[in-house]
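Here you get one chain, nothing else, as structure tokens; it is the form predicted on its own.
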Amino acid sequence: MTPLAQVLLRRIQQEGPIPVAAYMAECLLHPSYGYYITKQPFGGAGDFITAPEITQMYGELLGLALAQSWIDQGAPSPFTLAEFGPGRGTLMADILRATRGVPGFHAAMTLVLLEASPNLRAVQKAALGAVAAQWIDHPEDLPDGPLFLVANEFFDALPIHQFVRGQTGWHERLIGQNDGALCFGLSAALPFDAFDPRFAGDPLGTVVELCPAADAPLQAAARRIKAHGGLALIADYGGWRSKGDTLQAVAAHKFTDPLAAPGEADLTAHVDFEALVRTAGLPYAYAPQGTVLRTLGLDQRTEALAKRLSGPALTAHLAAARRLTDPGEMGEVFKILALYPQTTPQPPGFA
């Protein structure tokens, strides 16, 4: 039993069963035993690999899309270049390298990173080298001005509430204990009119996941984009009105039981992009990751880089491009959402 499991069992014994959201929050960010506080989760030596770790092309293309949108909006100066959940800093390092040649872009930007983990902040600082950056604890700490934001696999790690439709109402899925072990259970029924009306007609047994924790970061970004201009690119796995039990735990690049080892595995859930759009209240574009990357020129960039490679390096390079775009890999299950001001054209990649 992990130390965090003991903490959670004591809490449940004192307070009663807890929502899935509370369990996720403790597992990921407990100040002593939280996964993101104590682990280095990213990369081949960690528990999972994100798109920026697969190939530099991912960050390059998203960076150039942000820069083109900045130009299309009149190259505002100053502006904030921000990332929510920067991981090891790989994505932002690639964005900065790709945009170095865009006239005026770096001179006008203030780089801001939203990161809760002190360990990851240190890793990000090393990845960015001499580039000056500000780290913030809360999305409301973003500067007030034009905002060009990227969030890659950020929203999937925010705590979710799960609800199951029963005969007399919706029941929240809870985590309690049975004979000293963590287990799932259900709350008493909630009245139908107290639940999200989008799901009023769903059949018995439907599982719905809601993520109120996404509201604060999304609203903070949307307010700045609405008032001052900018663009948010949100990349994650999920769907439009994503439903079903998508809570998952990953350790050592393999799926595992979410209750088996609290604090030792990453916990995530699929993102409901419809909910993000409703919360943001901005014009949007939305498409599978593979479609967006190919529209931004991934195939041409892959071919250009391939000319410099041979042998195993070439094989790995081509495999990385396929992994990002193929429907059977990350190309379909991962989506990219763009949020932008009412008066600006649709951003690059979504034509």
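From a predicted model like this one, the values you see are computed outputs, not experimental measurements. Numbering starts at 1 and follows the sequence shown.
Beyond what is shown, the protein has a form predicted together with a small molecule; the following relates to that form.
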Checklist line | Partner contact for D272 in the predicted complex: the small molecule, 4.5 angstroms, heavy atom | finding: no
Next item on the list: Flag S242 as yes or no: does it have a non-hydrogen atom within 4.5 angstroms of any non-hydrogen atom of the small molecule in the predicted complex?
Entry: no
Note to self: Using a 4.5 angstroms cut-off on non-hydrogen atoms, would S117 count as touching the small molecule in the predicted complex?
What the structure shows: yes
Margin query: I'd like to know whether A220 contacts the small molecule in the predicted complex, with contact meaning heavy atoms within 4.5 angstroms.
Written below: no
Notebook entry, point to check: Within 4.5 Å of the small molecule in the predicted complex, do L29, T50 and A157 each have at least one heavy atom?
Noted result: yes
Margin query: Going by heavy atom distances of 4.5 angstroms or less, which of P86, P258, G238, P146 would be at the interface with the small molecule in the predicted complex?
Written below: P86
Margin query: Using a 4.5 Å heavy atom cut-off, which residue among D94, E172, E153, E264 comes into contact with the small molecule in the predicted complex?
Written below: E153
Next item on the list: Please name which of the stretches 222 to 230, 164 to 172, 108 to 116, 276 to 284 has residues with heavy atoms lying within 4.5 Å of the small molecule in the predicted complex.
Entry: 108 to 116
